[in-house]
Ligand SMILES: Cc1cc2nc3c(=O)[nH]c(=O)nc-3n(C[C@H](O)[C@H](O)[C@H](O)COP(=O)(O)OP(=O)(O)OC[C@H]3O[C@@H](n4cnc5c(N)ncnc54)[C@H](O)[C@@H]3O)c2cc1C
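The chain that follows stands alone, in the form predicted alone, written as structure tokens.
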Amino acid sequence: MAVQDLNLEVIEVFNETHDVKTLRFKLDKPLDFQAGQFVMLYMDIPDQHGKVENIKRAYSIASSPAKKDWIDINFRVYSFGRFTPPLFNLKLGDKIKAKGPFGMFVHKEEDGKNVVFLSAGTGIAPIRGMIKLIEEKNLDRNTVLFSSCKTTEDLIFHEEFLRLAGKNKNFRYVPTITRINESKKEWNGEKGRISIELIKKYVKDLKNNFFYICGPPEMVENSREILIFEGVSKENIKFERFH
């Protein structure tokens, strides 16, 4: 896929949680990309002395490549950061520049029929793009999504995945909460981090599945090591670290 210079305009804003948003950007030209890839976003941001600098950051595309005229960017705001606060405050009609696509963490049709996604926090972003592609192109997949978040209030795309699981018998959604004592809502689902015990509960034949892992570095490395120890081929594991 050829890298392009892009002009983006905010056309929709989705408040996913108290500190996570999805921004839908209209593209000034059609963008060919693979599910899971990312773009570099650029914004002019003043430093502590008022000097404006052009800052760039990488963000995964959370929408399907079947959509050519817009992309979704999902992210968490960090109050101490330079980039996410102004990004979080973008409104309808605001415009920024971007470049892309980039990245090798992609879903390909030849990756196999049985697919398992492991995500933590906003690591769900590129995985959501892959799941949307599978859904929109009606690909022949048996899919299990494990999504780990701190509290019930931190679940991202939760209702969307519940609806998909309700209408697609080949899609299984397994959210799990790591800080149940801090959650405000009642929770009857899985608890704790994504473990090999949890994976085996829903995936019976590990070696016959293709795994995609996305989240913090420690989560990604631990998951990958455990899967390899359990006999999953390295070639059947794709991963992306979110710092």
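Here the structure is a predicted model, which means the values were calculated and not measured. Start at 1 with the first residue shown and count on from there.
Separately, the form predicted together with the ligand exists; it is not shown, and the next lines address it.
At 4.5 Å between heavy atoms, only one of the stretches 135 to 143, 76 to 84, 109 to 117, 169 to 177 reaches the ligand in the predicted complex; which one is it?
Stretch 76 to 84 is the one.
Of 26, 57, 67, 193, which residue is found within 4.5 angstroms of the ligand in the predicted complex when only non-hydrogen atoms are counted?
When the ligand is considered in the predicted complex, the option within 4.5 Å is 57.
4.5 Å heavy atom contact, residue 125 and the ligand in the predicted complex
Residue 125 belongs to the contact set for the ligand.
Looking at the partner-bound form in the predicted complex, is residue 241 within 4.5 Å of the ligand by any heavy atom?
Yes, residue 241 sits close enough to the ligand in the predicted complex that at least one of its heavy atoms falls within 4.5 Å.
Does residue 210 reach the ligand in the predicted complex if we count a contact as any heavy atom within 4.5 Å?
Taking the distances in the predicted complex, the answer for residue 210 is no, it never comes within 4.5 Å of the ligand.
Partner contact for residue 33 in the predicted complex: the ligand, 4.5 angstroms, heavy atom:
Result no; residue 33 lies far from the ligand in the predicted complex.
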